[in-house]
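Given next, in structure tokens, is a single chain: the form predicted on its own.
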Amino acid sequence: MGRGAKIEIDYLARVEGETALTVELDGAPLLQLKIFEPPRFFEGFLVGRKYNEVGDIVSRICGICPISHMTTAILAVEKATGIQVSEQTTVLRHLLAVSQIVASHLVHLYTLAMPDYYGYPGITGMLERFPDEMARFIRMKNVMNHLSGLIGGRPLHPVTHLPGGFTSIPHPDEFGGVLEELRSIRADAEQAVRDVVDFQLPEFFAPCENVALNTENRYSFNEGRIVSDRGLDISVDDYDAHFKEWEVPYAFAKQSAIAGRNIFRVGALARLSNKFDELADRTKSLAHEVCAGLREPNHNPFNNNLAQSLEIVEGIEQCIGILESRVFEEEEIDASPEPGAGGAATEAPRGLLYHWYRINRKGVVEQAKIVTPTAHNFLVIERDLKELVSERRDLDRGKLRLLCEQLVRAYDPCFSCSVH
């Protein structure tokens, strides 16, 4: 492709949503990630809706992580209105979240990222050459979808999950069936890590602050404090005092940073960098065995792929552990909302997700705020791209373009979520 002074990607394929990339190579690299996915205004049209409609509405923000948006919104609504839930509801929410995170990671690694490392434009051309990998992907995805659908009523856009709890609880025999399925894919999950190691991910050092939710003694996804590997440790209630976002003229998504600090990174790699020691023994053992170069904290954004593969193992181990040790029973939802305001954060597949709502005495939303993982990562993706181009600007432009695409896809961005 030669060594021209400009790289233009009019439409970046194999990411969720629509974006373009322009890199000017004369002098210091000028780079813009042009997120042109049309804005969707969820914050605006949530105003005037009842508190118990919010979760169902925001699940439509994304077809890949509807459970994350629904759960975060419901947790925020409960915080705002004082609704309390049982310990069983908390555990079921965790199972539901993990089932979606594992399923999302599988889709990203096998259908969006993998073609980059074997010279294919997409998954279709890979089916004949990689039948074992594709069969493994489908087996695992089907099991995780089964678990999501069992708890949520259906795997996409759940219907049983409301403020206060779940409208129905699966029978123990149904949980027993999915438990056997989860045990059957343990070996598949461990092989998935080796599949990603075989990608031979590029070496690239791009240090920044890694931010994640953390709960002591547990690799958590739905609860905890917001922490970083550079000393940040705050309550979710203090999110607005520490994080800021702003508009940029060339994208419909906002950018984010930690006030008074700098850019930060969220996602699987950030989670692993903050709480590697909280992983299950099986996951840690595998990480030490096949991912010897994965330091914690890790500052190679390409390794987000590897971190996601380890979370596939971790997620399956967590689900097995819960289902082996608990019996779930039917229980009544007790939701008596009071007026108030509050926010919640969870770990979506792509990183920290924040929802905040103000709800009046009639149970109606008066204000809403949603900050997504891709909005959190927007600034650091651009920074990493600039540094990558600066380091490797002497490469053939075709190779450099591919590296840029690989880097963006390594973050597993959801541009549809970012323009909510």
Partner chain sequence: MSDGKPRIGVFKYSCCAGCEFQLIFFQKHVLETLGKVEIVFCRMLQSGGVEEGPFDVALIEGTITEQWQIEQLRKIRSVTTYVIPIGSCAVCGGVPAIKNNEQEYTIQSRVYEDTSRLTSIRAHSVDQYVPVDGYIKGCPMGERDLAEFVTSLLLGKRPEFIQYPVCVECKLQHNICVLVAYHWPCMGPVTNAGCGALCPSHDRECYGCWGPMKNAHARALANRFAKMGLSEEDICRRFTEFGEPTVEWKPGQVRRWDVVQK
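As the structure is a computational prediction, the values presented were derived from the model and not from experiment. Positions refer to the first chain, counted from 1.
The discussion below concerns the form predicted together with the partner chain, not included here.
J.: Report whether all of I123, L127 and L156 sit within 4.5 Å of the partner chain in the model of the complex, measuring from non-hydrogen atoms.
T.: The answer is yes; I123, L127 and L156 each reach the partner chain.
J.: Verify the contact flag for D281: yes if a non-hydrogen atom of it lies within 4.5 Å of a non-hydrogen atom of the partner chain in the model of the complex, no if not.
T.: D281: no, not in contact with the partner chain in the model of the complex.
J.: Using a 4.5 Å heavy atom cut-off, state whether N360 contacts the partner chain in the model of the complex.
T.: Yes, N360 is a contact residue.
J.: Taking 4.5 angstroms as the cut-off for heavy atoms, does R60 touch the partner chain in the model of the complex?
T.: Heavy-atom contact with the partner chain at 4.5 Å: present for R60.
J.: Although the partner isn't part of this model, could you tell me whether R40 comes within 4.5 Å of the partner chain in the model of the complex, counting any heavy atom of the residue?
T.: Yes, R40 sits close enough to the partner chain in the model of the complex that at least one of its heavy atoms falls within 4.5 Å.
J.: Tell me, please, which stretch of 85 to 93, 247 to 255, 205 to 213, 221 to 229 lies within 4.5 angstroms of the partner chain in the model of the complex when heavy atoms are compared?
T.: Checking each option against the 4.5 Å cut-off leaves 247 to 255.
J.: What is the one choice in F243, F137, F264, F328 with a heavy atom within 4.5 Å of the partner chain in the model of the complex?
T.: Contact with the partner chain in the model of the complex is made by F137 alone.
J.: Using a 4.5 Å heavy atom cut-off, which residue among R392, R383, R49, K34 comes into contact with the partner chain in the model of the complex?
T.: Only one option qualifies, and that one is R49.
J.: Any residue of 363 to 380 with a heavy atom within 4.5 Å of the partner chain in the model of the complex counts; write them all down in order.
T.: Residues within 4.5 Å: V364, V365, E366.
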